[in-house]
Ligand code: BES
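First comes one chain, alone, set out as structure tokens in the form predicted alone.
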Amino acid sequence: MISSYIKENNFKAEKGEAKSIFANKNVKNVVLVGLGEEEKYGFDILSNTIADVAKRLRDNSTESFSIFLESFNNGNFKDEELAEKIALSMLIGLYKFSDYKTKDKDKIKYVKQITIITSSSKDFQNEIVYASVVADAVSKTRDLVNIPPNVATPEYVAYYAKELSKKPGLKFNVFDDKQIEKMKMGCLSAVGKGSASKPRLVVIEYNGAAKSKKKVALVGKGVTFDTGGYNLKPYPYILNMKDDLGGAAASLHVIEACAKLKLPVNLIVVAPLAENMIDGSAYRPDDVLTAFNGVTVEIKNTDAEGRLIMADALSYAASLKPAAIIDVASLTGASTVVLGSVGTPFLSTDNELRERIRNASEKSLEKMWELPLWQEYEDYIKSDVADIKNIADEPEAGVIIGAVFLKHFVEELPWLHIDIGTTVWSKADKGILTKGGTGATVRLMMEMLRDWK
């Protein structure tokens, strides 16, 4: 039947092509999916194609369907890898955010069941569980980014993190604005002062390995809304600034997923939370702030606030002497200039971390690219009145300058900085992406921590 259809209807199997054949009253339809040229076929094409087809079926009111596993394998994949990628791609691709819709909610379409059909004798249970947990972490990260900023305030996110930490294996602590001041976190305190919603510092621990094994510190930027402060963002750049908590959102759900999967790693998440607003107590250009580690910072632009709250969080994480520090932050709009919306830039001081992120990038399908930390860039943030200033005088090498600034707060520890300034948000429904928050770095971090030794 399929061969006849292909011959009679000129099905070319081009990438993204999908045709439905009526079979019989039991099966109803067989959907043929094109994967394009075989020599170009890989997990990336598989992932986005399978997600797109799942969306089409859902939008056509299909509530359940099956996938024939072997038909997507050209002999270059292990069946276990294939099953995991298919499950993860469909679950992520079918994500919808409709919490604030009040009309026609009964008309919103969902897929209720997906079956993977295979001739293999393997049960793929571990792969399906992993895919489900990671997809859930991506979806929750997207939810937290998509929630309106009048709801997702620093206090809200801190309470959310507390509830999340009630899961077995997690320990939670939070510092309020008064404690943050007492801890001499002058940067986080200053950024949050202009808002009625005061800053918080969330710390969550997971211990899945031996006590003797040092923790990995994951620091996620959590600016719940960024007006730019006195350097106010103009329209339309102020839109979607609720996505500035993407790093914190990802970090919270990564540690939850690690606990669910009982990964053999010790992890600590540090999430600084603040809202960058304007009132009589807001910080100003030319102010000098003192960070947790004693470094003084001259403020040249209040819209470079993310690196300030990260400075205190990173130096706090460094004081715990972890095995490595990884930070995730929607730090710069300059990341768009570097890689567009396709990939995420990273910078690191450690060869082992570079190797880890490259391997995780390949496995997770989150595209990453390294930028340099050359010594010459240090001169860009030298200050006349303080140790450093928070931006350079000229708008060049923005991603690198942001990282050079953060490097002053990690001591000599192995460190990896990931700038999701662009990839935290999607403007289109395409492949595994939907409009809004993307859940950037969740899949990447899970692949890194999955294999951590």
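The model shown is predicted, which means the values in this text are computed figures rather than measured ones. Heads up: residue numbers just count along the shown sequence, starting at 1.
One more form of this protein exists, namely the form predicted in complex with the ligand; it is left out here, but the text below deals with it.
The ligand is not shown here, and in the predicted complex it never comes within 4.5 Å of any heavy atom of V404.
Taking non-hydrogen atoms only, S251 never approaches the ligand to within 4.5 angstroms in the predicted complex. Although the partner is absent from this view, S383 stays clear of the ligand in the predicted complex, with no non-hydrogen atom inside 4.5 angstroms. Of the heavy atoms in S341, none are within 4.5 Å of the ligand in the predicted complex. Partner contacts here mean any heavy atom within 4.5 Å of the ligand in the predicted complex, and among 180-188, 301-309, 211-219, 123-131 they occur only in 301-309. Out of the listed residues P285, G333, G169, P264, G333 is the one that sits within 4.5 Å of the ligand in the predicted complex by at least one heavy atom.
Of the residues I357, L94, L82, M241, just one reaches the ligand in the predicted complex with a heavy atom at 4.5 Å or closer; this is M241. Along 212-239, residues K221, D226, K233 each place a heavy atom within 4.5 Å of the ligand in the predicted complex.
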